[in-house]
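In the block that follows, a single chain appears as structure tokens, in the form predicted alone.
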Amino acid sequence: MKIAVAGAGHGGLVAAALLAKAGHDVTVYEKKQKSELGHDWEDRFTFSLLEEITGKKIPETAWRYRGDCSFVSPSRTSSVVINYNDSNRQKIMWRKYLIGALLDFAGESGVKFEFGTDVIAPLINDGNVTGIGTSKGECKSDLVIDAAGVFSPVRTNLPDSFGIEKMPARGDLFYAKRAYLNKTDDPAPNTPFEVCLCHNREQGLSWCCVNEDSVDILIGRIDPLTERKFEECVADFRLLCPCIGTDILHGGQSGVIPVRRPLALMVAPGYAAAGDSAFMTTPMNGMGIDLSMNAGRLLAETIIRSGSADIETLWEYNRQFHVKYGGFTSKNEGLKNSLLEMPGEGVDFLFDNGVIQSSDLAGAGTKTSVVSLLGKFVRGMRNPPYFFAIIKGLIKGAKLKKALESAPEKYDFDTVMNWQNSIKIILVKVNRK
């Protein structure tokens, strides 16, 4: 089988490697050069997953631990501290190392690469995706794996008749800038990693993480971020954390991070999406590396087991992803969108009255539940509208999880579309500006 992978995303590389290893003819088309791949910053994911996939041990020099974390209210009157121990302290790794490990694994498995090649659009013939158009010409294939990112030119140019969601809604993305600034000799905060929800009373979050050799700053908003806004937020952090310098040591780039549920429908005849192309992230924090790699492995294993890439096989990948991963990681979307809809004083209320605590925020909000909040009913009823907005968001999140995990067993287009439409009714929308 001839397979074209659009973009060198994590999920696409995993799928490419495993399919090439199984004997398929796989080519990755990537607009960047190999040396340009991988963000110049660190991220957290399950290291053992990378080791399972590549079969190689990660050296201890490739990662480090992150410190304890403090979630801070918009007014800074309250904070929730999460103290990690040796068993659950977060490990982080430079993204350059991660993408390098996946590229090496793919190359060793027989994947071919066309770097410096823009993917322009899918090729469509008689209701099937039959390849991709690129800056170097048309590339025909039996299957296109879309790993070209949030605004993938493949997904966004699919025919409407395929029923695949093309563009994210308001609140589905964070426009973010991240930079590692030099660290001065001024005092550092007691809790090295501070996350501000509704920072400066704007829709989004910011963080400031003091490392031994630098200060990691991320500013994310649901509307496009200006350079002036970034500088204002850094200046705000510097008031309480004077050790933040002015020289950029790493990063300094802007990006777009999906913070929403994965696509309900992510396959069509001759097409399958993985990673950011399918919005595979945890809504509360935008982390998607684990989901992307698991999706790539699941897609490859499903095709290898079936011996084909027909729509029934691709649908089984789609369904199994939601059963295993998509449903669970989507359940906090209602919580995240409820917080985005809430003005700063509402978020302050939740912090100041202990409605949101460390047990709720650990695990990017996946441990928050209606039951846990009802235990704080008396405190929450001091301001019922804010309290019940969060309850409503959690209820809808639980319904979203159940709906995604209840994807139709077999592929029938009309049945799948009815299922997808039922999910749209559940969603908590972000309308406030």
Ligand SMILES: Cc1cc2nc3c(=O)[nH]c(=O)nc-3n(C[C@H](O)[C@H](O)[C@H](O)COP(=O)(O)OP(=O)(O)OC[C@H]3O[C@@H](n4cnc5c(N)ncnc54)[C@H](O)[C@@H]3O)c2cc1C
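Numbers for residues come from their place in the sequence shown, where the first is 1. Quick caveat, the model's predicted, so the values are computed rather than measured.
Beyond the structure shown, there is the form predicted in complex with the ligand, which is absent from this document and is the topic of what follows.
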query	finding
Stretch from 226-234, 320-328, 279-287, 74-82 whose residues place a heavy atom within 4.5 Å of the ligand in the model of the complex	279-287
Any non-hydrogen atom of P189 within 4.5 angstroms of the ligand in the model of the complex	no
Any non-hydrogen atom of K31 within 4.5 angstroms of the ligand in the model of the complex	yes
Partner contact for G204 in the model of the complex: the ligand, 4.5 angstroms, heavy atom	no
The ligand contact in the model of the complex: G255, any heavy atom under 4.5 Å	yes
Contacting member of D68, D40, E405, D43, with respect to the ligand in the model of the complex [4.5 Å, heavy atom]	D43
Contact assignment for the ligand in the model of the complex, among G131, G346, G149, G171, heavy atom within 4.5 Å	G149
In the model of the complex: members of 157-190 within 4.5 Å of the ligand, any heavy atom	A176, R178
